[in-house]
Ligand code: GAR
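For reference, the chain that follows is the form predicted alone, supplied as structure tokens.
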């Protein structure tokens, strides 16, 4: 587990696949005066990910891996993380599943944000599932990543009401706003527990 000594920050890598709205938000959070987060690297499996634009704008080093050969990509990433002295990984809309081997060999916490109230609705299409099942509430969860999909220990959750006229898109939009509040809170909580 990573140790934060005195005033030290997490040296983080953010893994993305898409628009990078959580990444953008974490960059903003990392710039705050007492933030425990320093983003040194952004890794993506998609060279067209919009999030890479935010990284470059903010002069953060980026690397793209195709994951065509999963094991090979993961080994290369582990080497880079070691070289960059990364001690925290934040998954932010990263659409690849990290192997047991990768998780075991990374020396630090790996966090993920998931758009449901875990353990309900793991995987994809969470908003559709919640509406289909006539749930009264949904939300988002920040959890540790382990080798089972969306099953690691929960750090924080945020619950929101599902309205009668909600559809998957409107629900997603509202939950995303809460994700942007929850992720920095979870990182702060993690830092204060170390």
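Note that this is a predicted model, so its numbers are computed, not measured. Numbering follows the first chain given and starts at 1.
Below, we turn to the form predicted in complex with the ligand, even though it does not appear here.
In the model of the complex, the ligand sits within 4.5 Å of a heavy atom of residue 93. By the criterion of a heavy atom within 4.5 Å, residue 81 is excluded from the residues contacting the ligand in the model of the complex. Put simply, residue 176 is close to the ligand in the model of the complex: some heavy atom of it is within 4.5 Å. Residue contact with the ligand in the model of the complex: residue 109 places no heavy atom within 4.5 Å of it. For the candidate spot formed by 18, 21 and 114, every residue has a non-hydrogen atom within 4.5 angstroms of the ligand in the model of the complex.
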